[in-house]
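Given next are two forms of a protein chain, the same chain in both, each as structure tokens and marked structure 1 or structure 2.
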Structure 1
Amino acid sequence: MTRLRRLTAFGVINALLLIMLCIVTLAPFLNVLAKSLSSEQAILMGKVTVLPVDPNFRSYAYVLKSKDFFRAFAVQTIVTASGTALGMTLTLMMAYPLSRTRLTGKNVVLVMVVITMIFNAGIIPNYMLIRRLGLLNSLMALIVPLCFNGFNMFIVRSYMQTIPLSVIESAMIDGAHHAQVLCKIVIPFSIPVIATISLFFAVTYWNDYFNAMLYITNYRLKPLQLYLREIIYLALDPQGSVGTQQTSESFMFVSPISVRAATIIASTLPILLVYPFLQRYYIKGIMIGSVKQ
């Protein structure tokens, strides 16, 4: 009975801590959502917390009518989808051979990958490289720099090492070559980790704006996150010029702060909607290496 009480007390305390953590995590998001739906007067007077005051959808109407928003959204979507596909392809092609025990020179390659995780050339060398490759003002400048991550490769490699070697050897005895083994055996076995790492790549590409600041000057190729950054600056200084085609007249009937919040919500929702479809794979894939057999 005493042990049961102790477990019950621990469960109650644990539940309360988790509820508090959820509140702390959700409060900023709810505050931004409330500001996107509130009037300018309520926002300036500090009345908005986690519930909207004087609810209206003028800010969302303004954002969704903007051609710049949909152009930036399309660019961000293309970059995210293409970058995730390319990143997973490169990761799988590198993780599979490095997961095999008989690969000659495997340790040298692993050391080289680890070095890339520790050291970075810096902004100027990276910019010079992108310019020499002729990728400035192109979508490839947003895709190539992030298409490989050593940490993600190690996670996929560790998962592939858990696949029974007998399954792969039996397929090769039947005449399958490595490409067939990878496509028909290893990848189907690795669906959980592929879903997990794909989500990592997608979030990285979706949230990236720094590379666009460095490599993109054509406003037609600016991604959503860079557009969001300019909206924030425009909200802080409506009379200033930050590179968008919007002017201070556009903010005559809407609150700049509310427009900024609406843009944040509109740009965050798509990546949030992807997570429920990958949740079951994500939970299984993120537990890689936690249990040893």
Structure 2
Amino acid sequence: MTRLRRLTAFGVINALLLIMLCIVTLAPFLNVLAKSLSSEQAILMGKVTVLPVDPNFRSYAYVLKSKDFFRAFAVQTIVTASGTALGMTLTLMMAYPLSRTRLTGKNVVLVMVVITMIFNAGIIPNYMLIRRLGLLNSLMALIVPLCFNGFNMFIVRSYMQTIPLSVIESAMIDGAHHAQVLCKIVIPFSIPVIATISLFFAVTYWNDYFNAMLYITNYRLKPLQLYLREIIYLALDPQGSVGTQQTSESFMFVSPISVRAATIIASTLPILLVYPFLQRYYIKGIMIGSVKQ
């Protein structure tokens, strides 16, 4: 049984405003997407707005033939996967002990974590450390700076604190060690928050370019975001730097703008594909995080 809704002026304006918001959000995307599928002449003549003109996949073919693109993509993926795994592990290792009601030294460690959340030594001191550890131009330099996150740890800890104490206590009375409690009770219980925080980590790693900019000069280790920056900011040719030969033919048909657009879209695709999952878990995580004990 549906009630008929009155069409009020406010209701209409409200909806229109929100629709406009959506348009402003989507338009830049659609424009870049359209450009990636259009011909160079159409772009330069200003014919492309949100729909492709002279649609073709040449730009994508050009980008996908680029070894540098795939190498950068692979690097970013490896860093994201390892970083998320390492970060999640460290987070769990820290959250569980700190979620217990009584532990010697617990408060000391908690205060230390809070301090790391407020103070950052700064770009230069961090650079000095990485340099001293000999991690310049290594993937570890990209993984390490982001894998310890106090906020994430607190979220997981809050979640773990909602496990009824009786469950853990009865397990320990039955002779379970801490390790067993962790693996057989706490972790299975925490799967939702693990999923969420893993996504937090993954998105952070996938989108990071600053660490790469600071620590990586070896072109073979350049991750995708840095690669993308070079294509856009410096208008470099995706196939240009190393390896793949360009035939004079491919040069004739392919446009810088259209190719740049295609590179942008290709770099964004992973996030957009994972987005539906992200939305659900990410928002849940925010909710958990913003509820104070």
Partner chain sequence: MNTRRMMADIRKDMALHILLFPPVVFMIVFRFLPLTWIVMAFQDYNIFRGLAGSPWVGLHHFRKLFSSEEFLLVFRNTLIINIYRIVFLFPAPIIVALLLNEIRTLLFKRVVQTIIYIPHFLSWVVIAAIFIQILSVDGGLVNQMLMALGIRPVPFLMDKRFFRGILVFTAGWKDVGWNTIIYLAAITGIDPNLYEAAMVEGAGRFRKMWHITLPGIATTVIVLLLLRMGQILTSNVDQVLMLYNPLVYEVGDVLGTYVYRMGLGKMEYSFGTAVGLFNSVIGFVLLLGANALTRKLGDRSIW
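In this text, the rigid core denotes the largest set of C-alpha atoms whose superposition between the two forms falls within 1.5 Å. Please note that residue numbering is based on structure 1, beginning with 1 at the start of its sequence. Note that the structure is a prediction, hence the values are computed from the model and not measured.
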**OP:** Name the structure that matches the description of the form predicted on its own.
**Re:** 1
Original post:
Superposing on the rigid core, does the Cα of Q225 end up 2 Å or more away between structures 1 and 2?
Top reply: no
Original post:
Would you say F29 moves between structures 1 and 2, meaning its CA shifts by 2 Å or more once the core is fitted?
Top reply: yes
Original post:
With both forms fit on the core, is the shift of the CA atom of S39 between structures 1 and 2 2 Å or larger?
Top reply: yes
Original post:
How much does the C-alpha of L273 shift between structures 1 and 2, in angstrom, given a rigid core superposition?
Top reply: 2.4
Original post:
With the two forms matched on the core, what distance in Å separates the two CA positions of L16 between structures 1 and 2?
Top reply: 6.4
